[in-house]
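Let's start with one chain on its own, the form predicted alone, as structure tokens.
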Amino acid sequence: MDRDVKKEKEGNEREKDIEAMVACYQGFDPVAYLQYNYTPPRADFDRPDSIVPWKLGCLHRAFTEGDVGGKVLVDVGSGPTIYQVLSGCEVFDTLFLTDFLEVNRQELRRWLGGEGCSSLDWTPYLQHVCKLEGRSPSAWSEKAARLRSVVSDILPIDVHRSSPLQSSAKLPGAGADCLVSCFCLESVSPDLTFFNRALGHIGGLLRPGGHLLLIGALGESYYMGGRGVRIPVVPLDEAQVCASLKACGYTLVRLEVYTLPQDMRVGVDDVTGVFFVKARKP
């Protein structure tokens, strides 16, 4: 087969793989997703082994160690959640939330607008992070106001494009100072090759010397994005995560791993663990 013809055929097949992933997300339900993953037992702030407090602790440490800083933070694939930027909003004065799905961007707008119709009460999350920061839980409303004040925009994003942000002109020319991305890349990629490519694409949004804070699933092949909405996931292990970071040119600063207790395997996915990565772009 002619090399150009073969390349074109492979490109068409890759495009079909992405189209299939997009089709999976047409029935995504933010309300159900939040209920599945961000309520007890997975979000039990009285349990030190609950997954949500673990994630918040990882992010708090990463943002307060003194090496992550600058002006602009970009959250890649925010979904309908805000927990991932509750620590970062104290460090950065400009924050961009992003997601591929309009339903998720609408959910974020509802919370940021303070309309009181958000699908999840984020108050316990705000209170927990205030405690991590050494403040009274009663300061949660101040933290909420701080987050609302630093969010510059909520942007569409497609990590499978070489330029993921349609409005990247809003970023500094050199790129953002820090990226956060939680449960995004492995959940929107047909396979490991696409995962690696997406990891490389988002690196283009990050300035040299900037940091990537990445949280993702280990050993997961699917999750439920709503009632009857089964979304495939790239099953990752620790070695694959480290290899992907290295292949994309990141320097690994720290890798932490959480193993789900049996009672947190609640039937909405088959995840066995979660990884947290702090990495730097040389």
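What you are looking at is a predicted structure, and each value in this text was computed from that prediction instead of being measured. Quick note: we count residues from 1 along the sequence shown, nothing fancier.
The form predicted in complex with a small molecule is left out here; the points below concern that form.
Undergrad: Of the options F183, W111, Y125, F195, which one has a non-hydrogen atom that comes within 4.5 Å of the small molecule in the predicted complex?
TA: Checking each option against the small molecule in the predicted complex, the one that comes within 4.5 Å is F183.
Undergrad: Give me the residue from L59, I51, V68, V234 that has a heavy atom within 4.5 Å of the small molecule in the predicted complex.
TA: Looking at L59, I51, V68, V234 one by one, just I51 meets the 4.5 Å heavy-atom criterion.
Undergrad: Counting only non-hydrogen atoms and a 4.5 angstroms cut-off, does H160 reach the small molecule in the predicted complex?
TA: Contact check for H160: yes, within 4.5 Å of the small molecule in the predicted complex.
Undergrad: Does Y38 make contact with the small molecule in the predicted complex, using a 4.5 Å heavy atom cut-off?
TA: Heavy-atom contact with the small molecule at 4.5 Å: present for Y38.
Undergrad: Closest heavy atom of Y33 to the small molecule in the predicted complex, within 4.5 Å or not?
TA: Yes - in the predicted complex, heavy atoms of Y33 and the small molecule come within 4.5 Å of each other.
Undergrad: Taking any heavy atom pair closer than or equal to 4.5 Å as contact, tell me whether Y223 reaches the small molecule in the predicted complex.
TA: Flag for Y223 set to yes.
Undergrad: Choose from 205-213, 98-106, 172-180, 138-146 the stretch whose residues reach within 4.5 Å of the small molecule in the predicted complex, heavy atoms counted.
TA: Contact criterion met by 98-106 only.
Undergrad: Is it true that Y25, G79 and D269, all three, sit within 4.5 Å of the small molecule in the predicted complex, judged by heavy atoms?
TA: The answer is yes; Y25, G79 and D269 each reach the small molecule.
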